[in-house]
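Just one chain follows, in the form predicted alone, and it is written as structure tokens.
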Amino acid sequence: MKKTISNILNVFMPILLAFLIGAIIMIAIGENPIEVYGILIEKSLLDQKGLLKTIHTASPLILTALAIAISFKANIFNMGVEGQMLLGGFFAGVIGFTFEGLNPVIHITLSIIVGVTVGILFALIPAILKAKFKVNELVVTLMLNYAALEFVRFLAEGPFRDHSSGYVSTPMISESSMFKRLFESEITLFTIIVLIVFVIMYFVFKKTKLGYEIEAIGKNRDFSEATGMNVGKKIIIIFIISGALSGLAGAGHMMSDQMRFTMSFSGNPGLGWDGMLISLLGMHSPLGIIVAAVFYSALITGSESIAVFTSVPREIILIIQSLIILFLSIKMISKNAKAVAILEKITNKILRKDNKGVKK
């Protein structure tokens, strides 16, 4: 019980401190923070349309957070979720606009399979390097993110560019590959798929031998090997699952929200980076991730209403997000130097800073 209470406090304290500082900023510009936060909550969680939009926004974030959680639980740092998601979304889009006249079930299924497969293949690069050659996965996956970004930029600006759009983008995917809206809202079948995947991952984490092995590797890799566990094989399996979840997130985001690939496809700082923060807030637990993803998405949805109904700019949400990361990093600094490096990367992405010269 004491450990549970401590974990809850460790999560909520950074959030409360971030909101407190955000309130101070609002007071400084002449706004009532209670009213501003009230609008944020009302428009994102208490209003039916806003709630459904929040759930829609949370859908790909749940997947990227689960992709992070399964690797972090094993004390393996797959920092390449953003790149795996980008590639999965891009090539799902290629399938979407290349084929026309297909049965929607076949077209959607094919697009998802391609997105997931691409995510897995890209994740296998650091997996094999880590499992077979002991190469540091943190560095490899970080660098591969930039390789993935430049690769899709080249394809979007060159072979697959839609010149009629007036900006850098691929063609719109065919209607047969789009997830249809449900309940006259932004919710689509993709959200249902995400919930099914969540249930499966919850079962994997809590009820399977693999879930136990992942936790054992995370606590003591050497002991796990000494007991006869093939840790190298498990590392590859973990990366495959993580890559599949990332690729599915990208494919679903393409087919339910973006409908074409642009250089702002993943948003700022990116679905992969957001997934890391959500996984950390959820303590790498499936149930915690659901709650953290809805909370984070509510911030995004509510920020639009804040800008409309008050004089507070929507960028206040970026400040709050960055402060949460800052306080999380302070909490973890004495526990895990690698985790601090990860949080630093996420913060730099959110603040759009160049990481060169930044001292840990």
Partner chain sequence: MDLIANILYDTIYHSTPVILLVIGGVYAYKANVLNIAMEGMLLFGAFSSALMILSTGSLFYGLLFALIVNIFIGLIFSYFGITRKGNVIIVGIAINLLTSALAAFILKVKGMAIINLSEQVDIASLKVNIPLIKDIPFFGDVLSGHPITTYLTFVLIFVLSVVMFRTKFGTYVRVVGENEEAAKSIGIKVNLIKYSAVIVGSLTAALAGYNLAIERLALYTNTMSAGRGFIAIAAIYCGRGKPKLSSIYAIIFGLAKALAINFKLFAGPISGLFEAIPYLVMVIVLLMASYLDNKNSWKRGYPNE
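Note that the structure is a prediction, hence the values are computed from the model and not measured. Numbering follows the first chain given and starts at 1.
Absent from the display: the form predicted together with its partner chain. The rest refers to it.
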I have 121, 289 and 299 flagged as a candidate spot, so tell me whether each of them has a non-hydrogen atom within 4.5 Å of its partner chain in the predicted complex.
no
Close approach of residue 33 to its partner chain in the predicted complex, 4.5 Å, heavy atom:
no
With a cut-off of 4.5 Å between heavy atoms, is residue 70 one of the residues that contacts its partner chain in the predicted complex?
no
Touches its partner chain in the predicted complex: residue 285 (any heavy atom, 4.5 Å)
no
Contact with its partner chain in the predicted complex for residue 79, defined as at least one heavy atom pair within 4.5 Å: yes or no?
yes
Mind telling me which stretch in 248 to 256, 105 to 113, 144 to 152, 190 to 198 gets its heavy atoms within 4.5 Å of its partner chain in the predicted complex?
144 to 152
Could you spot which one of 87, 280, 238, 173 gets a heavy atom to within 4.5 Å of its partner chain in the predicted complex?
280
Let me know which residues along 272 to 305 have a heavy atom within 4.5 Å of its partner chain in the predicted complex, or say none if there are none.
273, 276, 280
